[in-house]
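Have a look below at one chain only, the form predicted on its own, in structure tokens format.
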């Protein structure tokens, strides 16, 4: 009896549940490059190359281990319109008696698989994805026991569950969170290693050619493609980070510098999210570096928190609140996303640097996303759904389950405080403190009003004043509103006038 095992494009793990108990002799693995998945959002060209190359390399790996693999390339004639259609065709092609697959990470695709399961005459089994540390029921139970769904509380539970950085029942270092030690600006004299890079092989080169042909108008380009595309390469990238950058990751994880696209960041989230690296294994290696004396506690804890804290938490929020979550719009923002998000053609040095880097690398680190491009979008009233679609399109590590809550909840506060306790709004002073962008800008960070003033300086206050009715009861903003109330009427009028002019031309 032949069993079909479909593997999705972000399930490239040898320990995938649908593979774990399968019999190679009686199974056919189906991997499909599907135009529907490639085009439901206008993905960055490098993101497409990365996903397709990883899929093809994984298929080759399975083949070398004795699996029968049915691989459908995107440019195949009469290719399937969707993943469910590909599965239906493969069932007939191989005369399969059953289908076993692992649940999709994104709601949209999972719904189509469930619909297939219901209508298929061939039995379809959908297994839970055990590569995550917190399953759906566990998160549901945790959420039901809480009035507020704060990540910090969830993170502490995950520390206890995994035992990571724990001394019995107590956190190593005497505290759970060392975030206050992770906010140092980086001086221009500080040097940073470039993440481990890999030359495209024949498989990747074929994917580059295909993307250039089929997606020439998508954002970005395929030049200088350097991402890892196999588990072996991804593990090498992780090892390089631990040996060369982890030590300073904590200090400078929030810093930004002109010309420094990566600083001390690992740039491995794309490898974890596609399946090349196991998240718990990554955390174990980071923890091992700490115990060996090769990384300080603020770097180790901060890195592990991003994985077992934020990553697992936003996945839980996503499945808890979908499908309605994508339409959340607490501030009723309706402004279209400015064109320069696709071109980097702007006078604001911080926005130009963050977007230009995104265009070239399909990558920007979390503070560039949160406090530059995200902050600007929220302050100017951009429709949060358009912001979400941009982030989903342009970053190589972006899948809706992890990107959507980070964007709508954390970045845009569109869920009204479900995920975050206050909006991540900031003026120019924060950007000037954490970067050297302002030194290279045609706007003046020191000016609070007028055409040459940093737009963040007045847009920040305009956002707060405009949304006071919605935010006045937020205790974390009480002091900020007291400062606003002490401002002279003339200053408030300047803020309103400068904001109106800027937003009109935007």
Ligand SMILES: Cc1cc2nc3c(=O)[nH]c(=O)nc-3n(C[C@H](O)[C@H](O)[C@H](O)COP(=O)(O)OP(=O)(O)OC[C@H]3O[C@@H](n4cnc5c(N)ncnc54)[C@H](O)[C@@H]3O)c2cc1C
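Numbering follows the first chain given and starts at 1. All figures in this text were calculated on a predicted structure; none of them were measured in a lab.
There is another form of the same protein, the form predicted in complex with the ligand; it is not shown, and what comes next is about it.
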Legend entry - 4.5 angstroms heavy atom contact with the ligand in the predicted complex for residue 218: no
Inset, instruction - Tell me, yes or no, whether residue 229 is in contact with the ligand in the predicted complex, where a contact means a heavy atom of each within 4.5 Å. - result: no
Inset, instruction - Answer yes if any heavy atom of residue 287 is within 4.5 Å of a heavy atom of the ligand in the predicted complex; otherwise answer no. - result: no
Inset, instruction - Find out whether any non-hydrogen atom of residue 113 is located within 4.5 angstroms of the ligand in the predicted complex, and reply yes or no. - result: no
Legend entry - Stretch in contact, per heavy atom within 4.5 angstroms of the ligand in the predicted complex, of 182-190, 292-300, 84-92, 272-280: 272-280
Legend entry - Listed residue (333, 265, 235, 385) with a non-hydrogen atom within 4.5 angstroms of the ligand in the predicted complex: 265
Inset, instruction - Identify which of 359, 165, 307, 74 has a heavy atom within 4.5 Å of the ligand in the predicted complex; exactly one of them does. - result: 307
Inset, instruction - Assess the spot marked by 370, 402 and 410: is the ligand within 4.5 Å of a heavy atom from every one of these residues in the predicted complex? - result: yes
Legend entry - Members of 342-381 lying within 4.5 angstroms of the ligand, judged by heavy atom, in the predicted complex: 363, 364, 365, 366, 369, 370
